[in-house]
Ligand code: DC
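Shown below, as structure tokens, is a lone chain in the form predicted on its own; questions about how it binds or moves come after it.
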């Protein structure tokens, strides 16, 4: 059976990674969380004094950029790919509010995006990949067979993020989390380098009022139809 590339873009806390992981397991595809890659770079910057008082020292970051290696390793227990920074497992550390408050500034830097996009394209060059982020369908894989653009009501997104943080022992107010999401939305959609926009051929998926199972069923039907069409085309006899 043919394999395709699935590009999932959308706003923060819309469940992109949840859907992507479920699809990857169903299809036995590789899952790449590109947001985790930028979060890993952010961790490096926080640890090494490149971010101070919410200001990024871009010159210092450029000097260190070649020393930053981001990779993924498959966890056979959780059955997901987890992110490593220079060989160190940082999957838990990258999900904090501190990182969330600074990742948009890091991901807006041209040189950082260029380096991450090279890695992303290399990871997905053989297809059979589910990749989520902000510019996957518009920039990283503009020719992906399926592009999704995910969105949801702001208050619903805020509660999801609040629940996620609370489950990890990190407690914040609803208002603080909502402000963080709104700031990230603004930063993501207005940045100069590959902003978050919906690809013209993307399928919009608003999951405000649908559950994870309904969402997965909807997207699997899209993928199955695509694969069926692709296989029929590949098997059609040539007229020449």
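Numbering follows the first chain given and starts at 1. These numbers come from a predicted model, not from an experiment.
Just so it is clear, the following notes concern the form predicted together with this ligand, a form of the same protein that is not shown.
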Counting any non-hydrogen atom inside 4.5 Å, which residue from 138, 80, 104, 151 sits next to this ligand in the predicted complex? 104
Residue-level question: is residue 95 within 4.5 Å of this ligand in the predicted complex, judged on heavy atoms? yes
Give a yes/no on whether residue 38 approaches this ligand to within 4.5 Å in the predicted complex, heavy atoms considered. yes
4.5 Å heavy atom contact, residue 198 to this ligand in the predicted complex: no
Would residue 191 count as a contact of this ligand in the predicted complex, using a 4.5 angstroms cut-off between non-hydrogen atoms? yes
Contact segment among 167 to 175, 180 to 188, 54 to 62, 205 to 213, judged by heavy atoms lying within 4.5 Å of this ligand in the predicted complex: 180 to 188
Residue by residue through 111 to 143, which ones have a non-hydrogen atom no more than 4.5 angstroms from this ligand in the predicted complex? 113, 133, 134, 135, 136
